[in-house]
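Presented as structure tokens, the chain that follows is alone, the form predicted on its own.
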């Protein structure tokens, strides 16, 4: 499979110029087919060993594929439904005491806010919000100030959903570990868009989704816990399949892998689709994906900068950014820009909560020159109308 094949595998790819992969991706037909194939296979009789055993093996193959994609080992990977589940595993896995400090950023998704807000109310923890800035020295300087307060944890995005900034994650982890502070990286906007190597990052926890840049089914994703952190992370929710052994009288030993966080009956056909998508990108070559994203995203940035009055919020240098581009046009509401682009140009972009002006564009390898032209021409026309009004 080649990069150029992906667009042709989508349903009606020319209907919209789709720049919302950072929210939800369209799905290639082979991914859909894989889900259907496994659902039909399982429907033959899920309890039959001739069905149960292949399905169980498939799940472990998906786990191995997910682990390889971030340079982890399979026993460090929990397969789940979304990025927020991994955040909650960490948030509920610590013995929090009143006054414990958690460092977030001011760009976090509600999924990496609400679990911590809940702990503020339930356990009396305190939050510090790192100011996202494209100035790396300034960002790390503020981090050092917060680290001096002896926080219990840093939970922060690898790539900012609100600016496209690729954080200096390795430097953040190094500084945190010098103070004995573990780090959870939210990889929702990074996984599949930029290289992720948890060994190189040296993070303690990494959580990611399959329905964005991976183009897997909704309700797929994973959570990485470094093996030496496993025993310190106490599961709040467990159930059948979490155990290594148990008896009839209360004895319980959990699995000594990240599978201890998985339990109960789940839709494993979706995970098969996730695995197919991961294999698809491995076959194409992750480096080819990342190189394409860099070239295309840089092209869009340069085109946006030719529009009078437009303010680019994403770092221009790709090494500090990703497939996410954020901009605003002073005096125009993001909701109006988004609505006009959709109605007049059939271009789908994203608005951002708590940020009434900014528009987010998420590029992917299925986007083409025609998509870029529709996007830029639409924004240019909107900006010119604004100029006429003024």
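None of the values given here were measured: they were computed from a predicted structure. Positions refer to the first chain, counted from 1.
In what follows, reference is made to the form predicted in complex with a small molecule, a form of this protein that is not presented.
- Contact annotation: the small molecule lies within 4.5 Å of heavy atoms from the stretch 83-91 in the model of the complex, the single such stretch among 83-91, 303-311, 259-267, 130-138.
- Checking 109, 226, 152, 175 against the small molecule in the model of the complex, a heavy atom within 4.5 Å turns up for just one residue: 109.
- Using a 4.5 Å cutoff between non-hydrogen atoms, residue 157 counts as a contact of the small molecule in the model of the complex.
- Within this chain, residue 271 is remote from the site of the small molecule in the model of the complex, having no heavy atom within 4.5 Å.
- Within 4.5 Å of some heavy atom of the small molecule in the model of the complex lies at least one heavy atom of residue 188.
- Although the partner is absent from this view, residue 166 stays clear of the small molecule in the model of the complex, with no non-hydrogen atom inside 4.5 angstroms.
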